[in-house]
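Single chain ahead, written as structure tokens, the form predicted alone.
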Amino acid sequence: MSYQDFQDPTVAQAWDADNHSRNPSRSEQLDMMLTIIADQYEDGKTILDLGMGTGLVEAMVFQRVPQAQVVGVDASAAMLALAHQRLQSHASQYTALIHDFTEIATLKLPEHAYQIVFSVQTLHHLTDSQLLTAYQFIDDTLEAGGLFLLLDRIALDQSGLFDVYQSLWARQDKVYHSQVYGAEGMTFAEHQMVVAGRGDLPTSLERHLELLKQVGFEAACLHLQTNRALLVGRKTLINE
């Protein structure tokens, strides 16, 4: 059984207890994303989270924006069970749905005005064509001028630079007491095996931006640290 089997309650609980040691960039990039959400959110509108998991980000959203309304989607019932425990005090402010993101075109959302969509460490499981479908779904879901925020793993596709990434992973481990250096593999070939073993299909930064623009987003990378990025897309206004 893989530690990536998030349908397993034991795996879900282990991830919930430690989601930092293999991704020390997470805290800072989450804070950036939450800052944008708090500044942009309009009362009465809805936020959509694609990859709700155990509700950790929702709890942070409600701290920053106490009046927020959220719809969260995840493929794992085990993860959502933990989310329901965590978010009991905000039960009237969120709706949780179970759905497989590889079939996102069939996802039926409650009818709301979706001003913001975000996804944290979830869409790297999709193939290129599935990612394009997901971005089209997000664009179709958002109201005009709405924001999409993606915080996710980015593909390393240049073998000749792998040792440079290793230097920064070692630095992260020293500064943040994380465990990235060895976990990402000791060679580029080993790194590719590690990624494949997790069932991950990360996309390059350039391809993410290309796909976002292809479906009509005005898109940019806001923050990049080694292979973790925060991207933004704004849906084109109707009158533009």
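It should be emphasised that the depicted structure is a prediction, and the values quoted were computed from it without experimental measurement. We number the residues from 1 along the sequence you see.
Same protein, other form: the form predicted in complex with a small molecule, not shown, and the subject of what follows.
Colleague: Tell me, please, which stretch of 100 to 108, 165 to 173, 132 to 140, 87 to 95 lies within 4.5 angstroms of the small molecule in the predicted bound form when heavy atoms are compared?
Modeller: Contact-bearing stretch, as computed: 100 to 108.
Colleague: Considering the small molecule in the predicted bound form, which of L201, V215, I36, L56 comes within 4.5 Å of it through any heavy atom?
Modeller: For this set of options, the contacting one is L56.
Colleague: Verify the contact flag for Q121: yes if a non-hydrogen atom of it lies within 4.5 Å of a non-hydrogen atom of the small molecule in the predicted bound form, no if not.
Modeller: Result yes; Q121 sits at the interface with the small molecule in the predicted bound form.
Colleague: Answer with yes or no whether L126 is in contact with the small molecule in the predicted bound form, where contact means some heavy atom within 4.5 Å.
Modeller: Looking in the predicted bound form, residue contacts with the small molecule include L126, since a heavy atom lies within 4.5 Å.
Colleague: Would L150 show up as a contact with the small molecule in the predicted bound form if we use heavy atoms at 4.5 Å?
Modeller: Although the small molecule is absent here, L150 would stay clear of it in the predicted bound form, with no heavy atoms inside 4.5 Å.
Colleague: May I ask you to check whether A75 falls inside a 4.5 Å heavy atom distance of the small molecule in the predicted bound form?
Modeller: Contact with the small molecule, yes.
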